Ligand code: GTR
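In the form predicted alone, a lone chain appears below as structure tokens.
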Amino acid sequence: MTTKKPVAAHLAALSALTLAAVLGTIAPQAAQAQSTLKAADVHPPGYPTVVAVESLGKKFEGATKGKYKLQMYPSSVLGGEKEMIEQTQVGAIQILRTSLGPVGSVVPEVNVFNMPFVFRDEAHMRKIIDGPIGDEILQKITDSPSRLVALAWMDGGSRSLYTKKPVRSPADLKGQKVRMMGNPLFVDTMNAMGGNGISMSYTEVYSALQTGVVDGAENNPPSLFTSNHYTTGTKYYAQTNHLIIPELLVMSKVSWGKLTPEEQGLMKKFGREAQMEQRALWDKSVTEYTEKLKAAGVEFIAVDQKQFFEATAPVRAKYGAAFAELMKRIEAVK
């Protein structure tokens, strides 16, 4: 009997040590549990914006030693841009690549970039978003009540018309219903150019073209090809370049607030790197998809852009009044 107490005490001590060891193993693992960042885009896998955001995710995962992992949801699987912006605002989506059109309704300041022919060409647009004006607009978005943190700009290319009948002048658009992004500014732009602007989600355009609900739409060559819109009889691509709109990479402010200051700095750094990576991929894709569209029978029509520029002067006057000084600064950048 005299030997049992020490043995029992010894066993109890061993059990305590074993439990402590197990808990010591579990605690660090719990602390290092991986968090998933949901990222979304309307575009398909392999599209320049999707690839650039996936690259951002890998960098962020590496820099945080696996604390965060990015899960990409492409091809509008989480809804159209309006729905995805709403999900990002409440933190259901962490990172979103979105066009500026829907954001203009939430943050009016971005509408200066949404106006027709505000940029002379794509090179002019890039100088603006890479410089002080671009940084100012990003900050305005972040400081606004939008509940979004603007990380970087992305290239959306030049938007032109694709229709079932050839368009060479504003007169050719008479009576044609053309899908535009969900912003009154864009509908007014199409109406001024001679057509009938129809506000519609990107996810609805293919069936609308198929069924004749709309006669055409407008976008860049990569989007025209990857959306398969060119298979609906829209065989004419009039190169109006009426909109040259940069796109946004944003993070939910709810999710942003959960990052440490160091992690926030990393996210901004990798966001800027994604901006430049996407640009290189974009330029390559425009060349490739233009050739694919031509091979598929799409006719690219060179138009007199001056006619369309002059036709849209009332739109710039109406929507640009609040940004008159900023528009002068944009025009002054050479």
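Note that residue numbering begins at 1 and tracks the sequence as displayed. What you see is a predicted model, and the numbers here were worked out from it, not measured in a lab.
Not pictured, yet referred to below: the form predicted together with ligand GTR.
For the options N241, S223, T234, S252, the residue carrying a heavy atom within 4.5 angstroms of ligand GTR in the predicted bound form is S223. At least one heavy atom of M181 is located within 4.5 Å of ligand GTR in the predicted bound form.
With a 4.5 Å cutoff on heavy atoms, T88 does not count as touching ligand GTR in the predicted bound form; it lies far away.
For the chain shown alone, R159 is a contact residue for ligand GTR in the predicted bound form, at least one non-hydrogen atom being within 4.5 angstroms. Although the partner is absent here, H43 is a contact residue: one of its heavy atoms lies within 4.5 angstroms of ligand GTR in the predicted bound form. The partner is not drawn, yet in the predicted bound form one stretch among 173 to 181, 124 to 132, 190 to 198, 104 to 112 has residues with heavy atoms inside 4.5 Å of ligand GTR: 173 to 181. Contact residues in stretch 66 to 96 (any heavy atom within 4.5 Å of ligand GTR, taken in the predicted bound form) are limited to E81.
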